[in-house]
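In structure tokens, the next block holds one chain alone, the form predicted on its own.
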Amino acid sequence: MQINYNLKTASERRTEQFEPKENVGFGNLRTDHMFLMDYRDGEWRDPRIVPYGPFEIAPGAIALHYGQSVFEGAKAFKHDDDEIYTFRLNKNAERLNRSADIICIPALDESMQLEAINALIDVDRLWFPMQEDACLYIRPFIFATEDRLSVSPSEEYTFCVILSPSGPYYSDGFDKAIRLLISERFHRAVPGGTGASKAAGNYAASLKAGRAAAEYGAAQVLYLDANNKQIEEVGAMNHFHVLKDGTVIIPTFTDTILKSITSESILELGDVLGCVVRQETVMLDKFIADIESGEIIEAGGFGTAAVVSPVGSYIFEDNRIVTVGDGHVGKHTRRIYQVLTDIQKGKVEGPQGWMQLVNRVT
């Protein structure tokens, strides 16, 4: 793929390493450039890196009216050799195409996605924030641009990648366990729908549930299936719990659960973690009973943004609260977080191919 570079001048681009004095937060900042590529006449074309800025889009663009848009979230990390490495970016490329297929967006060659993202990171590598637990958060997305008001798949799209210099997802840090709202009113997905995709509309549909969670003092909603019998996932992450023998349970992936790359990584790291990690259907009644009996001692969520989110308690809509263990971060959850983040930061060697060097070209 021949990428056209339309870069800012040296006076407009960052020329020194970004060393913020305060925590940069998560997802608030942008680098100088973005990657763009268009789909028209049946093919992806015109790959380019341009200054970060507004799009020109028709008011009748299909994405604005019918939500035909998907996105991904990945991370890049700086290692002790002062080089930047991406974490399992090929898995994000695969998932973007799975999401795209669910809402009739044409596939984008995975190698082209990886080349685009690496080229953009290379151009804006000085934006990597030099502070603890920092990363470059990577946001690839595709949206329908055809100017048409009839309801059918677009014939024109834009693929874009932007970068966000970021710190930890939770400002309170990993050591504070969160609370989740278990809701029977709100449902994230139903069988046969778009629940297994990172479709933009799925996240718009979660906003009201998220507001309700905040009213209960909870960080997010733990969604149940449409019959309110099974635990599925949290709004921004897959769910997990830990049995008293150290076994980690992740709900079985279905078409109503987004397959988390973090969850897949934990499943593959079972031997390294020194515990059994498996998937099974998790029934709500048994889950609560096992917490109350002490069979379940820890719980939390797996996702790209927060990596691991410890859960200390659950609250129901009748204000009943169920506390997991002692309500604090458990040793198994802490070990999972430490092992995975050590791999991401290059402190320990992970499985072959998980960390990929971003080559210096520009």
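The shown structure was predicted, so the numbers you read here are calculated from the model rather than taken from an experiment. In case it trips you up, residue 1 is the first one in the sequence shown, and so on.
Note that the form predicted in complex with 2-OXO-4-methylpentanoic acid isn't included here; everything after this is about it.
Colleague: Counting heavy atoms only and using a 4.5 Å cut-off, do 73, 198 and 303 all touch 2-OXO-4-methylpentanoic acid in the model of the complex?
Modeller: Answer is yes for this spot.
Colleague: Give me the residue from 208, 139, 229, 244 that has a heavy atom within 4.5 Å of 2-OXO-4-methylpentanoic acid in the model of the complex.
Modeller: For this set of options, the contacting one is 139.
Colleague: Within 4.5 Å, heavy atoms only, which of 236, 249, 218, 284 is in contact with 2-OXO-4-methylpentanoic acid in the model of the complex?
Modeller: The option sitting close enough to the partner is 236.
Colleague: For the chain seen here without its partner, which of 58-66, 29-37, 290-298, 303-311 has a heavy atom within 4.5 Å of 2-OXO-4-methylpentanoic acid in the model of the complex?
Modeller: After filtering at 4.5 Å, what remains is 303-311.
Colleague: Determine whether any heavy atom of residue 170 comes within 4.5 Å of a heavy atom of 2-OXO-4-methylpentanoic acid in the model of the complex, and answer yes or no.
Modeller: Output for residue 170 is no: heavy atoms all beyond 4.5 Å of 2-OXO-4-methylpentanoic acid.
Colleague: Does anything in 199-224 come within 4.5 Å of 2-OXO-4-methylpentanoic acid in the model of the complex by heavy atoms, and if so which residues, in order?
Modeller: Contacts from 199-224: just 203.
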